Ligand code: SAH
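Take a look at this single chain, the form predicted on its own, given in structure tokens.
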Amino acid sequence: MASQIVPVHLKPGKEKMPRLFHPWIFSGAIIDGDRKILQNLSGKVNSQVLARVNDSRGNFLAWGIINPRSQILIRLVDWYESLPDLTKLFTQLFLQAFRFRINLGLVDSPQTSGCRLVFSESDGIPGIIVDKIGNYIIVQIEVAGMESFRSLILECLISAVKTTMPGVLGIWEQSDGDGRSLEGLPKHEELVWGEEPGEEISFYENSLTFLAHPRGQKTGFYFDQRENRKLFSQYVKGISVTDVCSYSGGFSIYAGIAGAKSLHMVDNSASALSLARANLQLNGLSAQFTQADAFEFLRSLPSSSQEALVFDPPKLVPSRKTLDRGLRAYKDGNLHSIRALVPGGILATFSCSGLVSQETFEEVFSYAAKDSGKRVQILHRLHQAPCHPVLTSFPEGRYLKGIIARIL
């Protein structure tokens, strides 16, 4: 089905960001008449609509996908004026993203066989997430605009996978992210191509063995913490590690292999702890397990009782209206983590909330350190792995930030 072309004009002064390759056009940047036309498409989610975005004088800026159910009304995909061949464009973008990860040794080396293959806007394909887990590909379509191009996107994905990764057995769609629920889209699961994965998929990361649940959180595994897990493990030889919000056990397994004296994993999900237990066994490790709310657990820890802590909570600031509450939660968790650590103790603490900047997170951490009555050193400022790249024109892609600190 051919795409419908809709011309769109921005208000005067709103052309700077798209000219600088920022991929989002908010509804308030579009002249009133054009905005109403686009918003009237809200009942036509299955319509393939392509926007020709112009400045206020009619000069071409970019091509974009209409996203009528979002304040981000257009997501830009191409900055060349000639009408894009979307099949060619998306296939090339998939191939470019895949080859970059292959060259990093993250796709199918003896040491590592799992990573993020496509990171949405940061790889030029807005609203699309693709992970490789062992011999399977997991894809998420997160926004309504790309949902309307589902068949084309999946066709291009299959073609790129066949070209670059002949060992892949199947492609599974697990579209259940936050973006879909915000735009009123239902959860969608289906086999896209090849064999359907089982409930668990085995893969390697830095020569460690893991199981992932492809129908679980974030397509099954947190690849964004790969380098951070390895870095943290360098500090824990011979000491005890408590891993709060442990999920499938990544930090604990790296720590155990590095020579940690003992491991204690804490999560509020019984299924997550079960997966973590299986991952530990695959790597010849054992641990203590506690099913508990992370904040209640941290508050219960006696002062100066822990040698090393990981505090890696889920997103605590999902929207701007929850910012203040989320920042208080980050401070509370870090305050009790710092209080619980012995002198010389190590803390790895994180925020995956995109609305919280590195500077804000560090400020909150500093307030927690002051209120703890302890002196704290920052050893490392952390960020997401390189398979989650950040465009200079799209700083919103930088969502993960973290700190490794030492208590004096």
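Numbers follow the displayed sequence, beginning with 1. Everything numeric here is computed off the predicted structure, so don't read it as measured data.
Here the subject shifts to the form predicted together with S-adenosyl-L-homocysteine, a form of this protein not shown in this document.
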property	result
Contact stretch among 154 to 162, 260 to 268, 92 to 100, 230 to 238 - heavy atom within 4.5 Å of S-adenosyl-L-homocysteine in the predicted bound form	260 to 268
S-adenosyl-L-homocysteine contact at residue 81 in the predicted bound form, heavy atom, 4.5 Å	no
Proximity of residue 245 to S-adenosyl-L-homocysteine in the predicted bound form, heavy atoms at 4.5 Å	yes
Close approach of residue 203 to S-adenosyl-L-homocysteine in the predicted bound form, 4.5 Å, heavy atom	no
4.5 Å heavy atom contact, residue 222 and S-adenosyl-L-homocysteine in the predicted bound form	yes
Every residue of 251, 292 and 312 near S-adenosyl-L-homocysteine in the predicted bound form, heavy atom within 4.5 Å	yes
Sole residue of 272, 86, 329, 76 within 4.5 Å of S-adenosyl-L-homocysteine in the predicted bound form, by heavy atom	272
